[in-house]
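The chain below stands alone, shown as structure tokens; this is the form predicted on its own.
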Amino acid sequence: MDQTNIFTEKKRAEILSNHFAGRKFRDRSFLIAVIFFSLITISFVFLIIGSLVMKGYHQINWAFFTQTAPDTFTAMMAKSSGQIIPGGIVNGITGSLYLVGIASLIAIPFGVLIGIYLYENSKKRYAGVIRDITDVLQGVPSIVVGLIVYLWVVVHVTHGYSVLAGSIALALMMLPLIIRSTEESMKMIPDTLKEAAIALGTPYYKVILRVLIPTSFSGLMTGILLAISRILGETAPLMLTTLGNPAINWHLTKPVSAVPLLIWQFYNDPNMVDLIWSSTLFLMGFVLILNMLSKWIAARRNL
């Protein structure tokens, strides 16, 4: 009887050992597969960044940030003589900053207020409708947004391509992300904090301005920076609303250039190929900085 029990225990131990060995092998195989495919994915990112750096750094100089884009003849003469193409993209840089600044002035207040409304009235039917509209707007292609703004603003308001039309198009693209990030940031605030402020007799608008918004500030800033990063590289809506401008423009009702528009214009001119890579490198670096800043703010929020 004892020998039978010993044999049974040995057999059970052997089965368990084989089972754990099989699980360990499958786990290790899955880990190796995940690492392998992750390295493949990351390698494409590094290849893209490496190509941009190798092809674009030649044109990065002081003139690149202080002069406007050259004409085709100047670029052709410089390219034929093996020299760096003179000029830069200052009109695109200032235009992008101008457009993003005005779009932020439009989208940030509306987005934060709507997000607070959705947080405070999450169970109401009207809030659900607004939330659904926000989700639909977030999935609308940028070219459709540009077309709508063209029909509404370019044709009937400014009667031409303008900074205002481009800013409205970019603001519409920023709104969904700001609204949802504001709502989610507000949800992370403990209810006891708001209840304590109300119990002290604080007016409700002061509770929002002095308690809710400061407490969720890092989350709000993360959403705003991500929204700005999204619109910085948009080209399609700007082609239908601002068109572009070879000079620096600060007038709201006049056309303006932007870095994505300049990249598209350089693409259509074989003599401007070198400026494509340098402009793309600048835009990628700027967006990367904004994304790193948003990650840093989110990390500090979790401390």
Partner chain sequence: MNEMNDTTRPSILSIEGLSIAYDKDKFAVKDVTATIKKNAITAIMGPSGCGKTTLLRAINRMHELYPNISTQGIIKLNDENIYEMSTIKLRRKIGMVFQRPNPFPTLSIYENVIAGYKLNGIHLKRSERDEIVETSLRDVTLWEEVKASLHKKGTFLSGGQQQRLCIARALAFKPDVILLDEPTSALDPVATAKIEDLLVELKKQYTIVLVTHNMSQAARISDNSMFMYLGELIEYENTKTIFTNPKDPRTEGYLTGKFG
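Positions refer to the first chain, counted from 1. Note that the coordinates shown come from a computational prediction; the quantities given were computed from them, not determined experimentally.
The following text describes the form predicted together with its partner chain, which does not appear among the structures shown.
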item: Residue among Gly160, Pro109, Gly101, Pro214 with a heavy atom within 4.5 Å of its partner chain in the predicted bound form; value: Pro214
item: Position in contact with its partner chain when the complex is considered in the predicted bound form, options Leu113, Leu137, Leu97, Ala196, heavy atoms within 4.5 Å; value: Ala196
item: Distance check, Lys206 to its partner chain in the predicted bound form, heavy atom within 4.5 Å; value: yes
item: 4.5 angstroms heavy atom contact with its partner chain in the predicted bound form for Thr192; value: yes
item: Contact test in the predicted bound form: Gly201 vs its partner chain, heavy atoms, 4.5 Å; value: yes
item: Residue contact check: Arg210 to its partner chain in the predicted bound form, 4.5 Å heavy atom; value: yes
item: Residue stretch of 83-91, 214-222, 68-76, 174-182 approaching its partner chain in the predicted bound form, non-hydrogen atom distance within 4.5 Å; value: 214-222
